[in-house]
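What follows is one chain in structure tokens, specifically the form predicted alone.
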Amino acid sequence: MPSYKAPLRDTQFILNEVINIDRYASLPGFSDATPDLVSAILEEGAKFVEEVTQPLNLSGDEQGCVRHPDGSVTTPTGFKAAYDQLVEAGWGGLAADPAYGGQGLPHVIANAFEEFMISANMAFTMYIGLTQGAIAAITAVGSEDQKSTFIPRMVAGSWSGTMNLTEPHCGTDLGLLRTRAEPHADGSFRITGTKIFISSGEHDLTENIIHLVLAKMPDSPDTVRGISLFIVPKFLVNADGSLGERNTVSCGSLEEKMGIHGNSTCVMNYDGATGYLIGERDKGMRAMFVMMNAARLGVGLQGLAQSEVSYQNAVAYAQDRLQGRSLTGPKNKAGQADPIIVHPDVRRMLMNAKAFNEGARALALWGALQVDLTHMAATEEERQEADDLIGLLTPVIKGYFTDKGYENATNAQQCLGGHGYIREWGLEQFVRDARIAMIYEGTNGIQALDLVGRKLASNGGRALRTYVGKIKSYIDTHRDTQGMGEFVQPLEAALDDLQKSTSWLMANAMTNADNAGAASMPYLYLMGLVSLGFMWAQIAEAALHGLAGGATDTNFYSNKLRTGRYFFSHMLPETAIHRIRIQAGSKTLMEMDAQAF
């Protein structure tokens, strides 16, 4: 049976010694996030996921959700009880505004707990994650009445939320959507249309589901510029906040999926359902992007989380499974064979995952900190800088993390050999669950185009200049620091690959847009590697400080340095390959006629 232990020590190390959240103690929310409180929260969170939600992961996958003739959906056995425990403990409101019943802690703390949740049970966590995104959208563009009506109950967990974009004939190109919103005399709208791939669209966990739906009004442009956003509740809400009659929105069917079987992915039918405009008319995409950007960071976390749980199970197997002898002589001399962890190729797969997981965890938490600083930093300049940085890195975190997460999950499966292909060991589920993260919330190819086509040029390239400046400053500061040369020198070389690739794009993408498209994915990978290198340099610095400071846990810090050396020697050099691919341009990619494929 698969298992999972939350990476508590590593998470606390990153929070307290790498990004040093205590430096922000003067900011709202951070003053309450003392090391002792954060430690207690994460320890209790780890206990919750290990004891309550992780045991439901395999059974939830096997059982799946069930749609009944009346259109209602039942989640797998145990999900409802686990959700009730989560609500009772207040886990869904860690970072929510206290004005709406939340605990007001920094987003970075909630992000750490969310990783634990996803690793333990990704399908279950999606019910909570989408609600958080819906709360963010309503907070950003909703009226005061909408905020007071919906957010407190969503924070409390008695109501949940969804995001309704995709239709049978359109996915990324939302200008093609056909769902219509007819104005009604009372100021509401009648929403008619069909949405597909709606995660958590119908279920039995909450008493109401608040759907955020993109639709077009009759007199709006029939393009992406004519899309508005609407709140469409499953049950209408009375003036006093109580639930009224059932709205005419229903689950037409459940999608038969490759993975995440425990989450109800629905075809949603809107048959003149009552909806309420949220934000400005024809500005729905702007409002929805608030939710989508939050969701993209959450999906990036899914890539890390599935990589982590896959890695943990592969390590346990590799340390136990006896097969063959070490190339340098027997290590298990009392037995007939050595554990397979002695074999270099098994170690290659495990080290790739370990180095990715620990670097990506640091980048995810540093990114979550930027989300906090966007809202809470002391000056407008600091808030703008944080917003620029997280905007630039959102497609990287989503795209790079999920591609590598899936790769690491399949490599972990490979470590188990034939057992990795068998359901009871859990690895085949991790692979199936990880695969969707590369697709939804904008495929990774779309993330790469967003990075190259929009984020690099935004505000005259201000975000990239800021980010490169931060990395350069770090390199210059630590170039001669004792013990840091082996980490900052390869980082400097990788940054040079990024800068020269960027210059090539600036010179060649304007003359031929296909050059940008052809370069987009290797550029995303290049920036992902540089970003992990930036994190690993800081991890190494913190580990050196820990050892120099007489820490008792010397193995922890020493192993950080060993893993960092592996990343810089075996993984970061791939930036040179990506630079070559970028500068190869689009000619050989695009010259073949479509009919020749």
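One rule holds for the numbers: they count along the sequence shown, beginning at 1. Small disclaimer: the values here were computed from a predicted structure and weren't measured.
The form predicted in complex with another copy of the chain exists for this protein as well; it is not shown, and the discussion that follows is about that form.
Note on the partner interface in the predicted bound form: the residue among R281, R321, K147, R383 having a heavy atom within 4.5 angstroms of another copy of the chain is R321. The single contact residue among S59, S569, T554, S31, judged by any heavy atom lying within 4.5 Å of another copy of the chain in the predicted bound form, is S569. Contact with another copy of the chain, judged by heavy atoms within 4.5 Å in the predicted bound form, is confined among 348 to 356, 367 to 375, 228 to 236, 387 to 395 to 348 to 356. Although the partner is absent from this view, N20 stays clear of another copy of the chain in the predicted bound form, with no non-hydrogen atom inside 4.5 angstroms. Interface residue remark: P183 is not counted as part of the site for another copy of the chain in the predicted bound form, having no heavy atom within 4.5 Å.
A residue is said to contact a partner when one of its heavy atoms sits within 4.5 Å of a partner heavy atom; I260 meets this definition for another copy of the chain in the predicted bound form. Taking the partner from the other structure, another copy of the chain in the predicted bound form has no heavy atom within 4.5 Å of any heavy atom of D10. If you take 576 to 597 and check each residue for a heavy atom within 4.5 Å of another copy of the chain in the predicted bound form, you get I577, I580, R581, A584, G585, T588, L589, M590, E591, M592, D593, A594, Q595, A596, F597, in sequence order.
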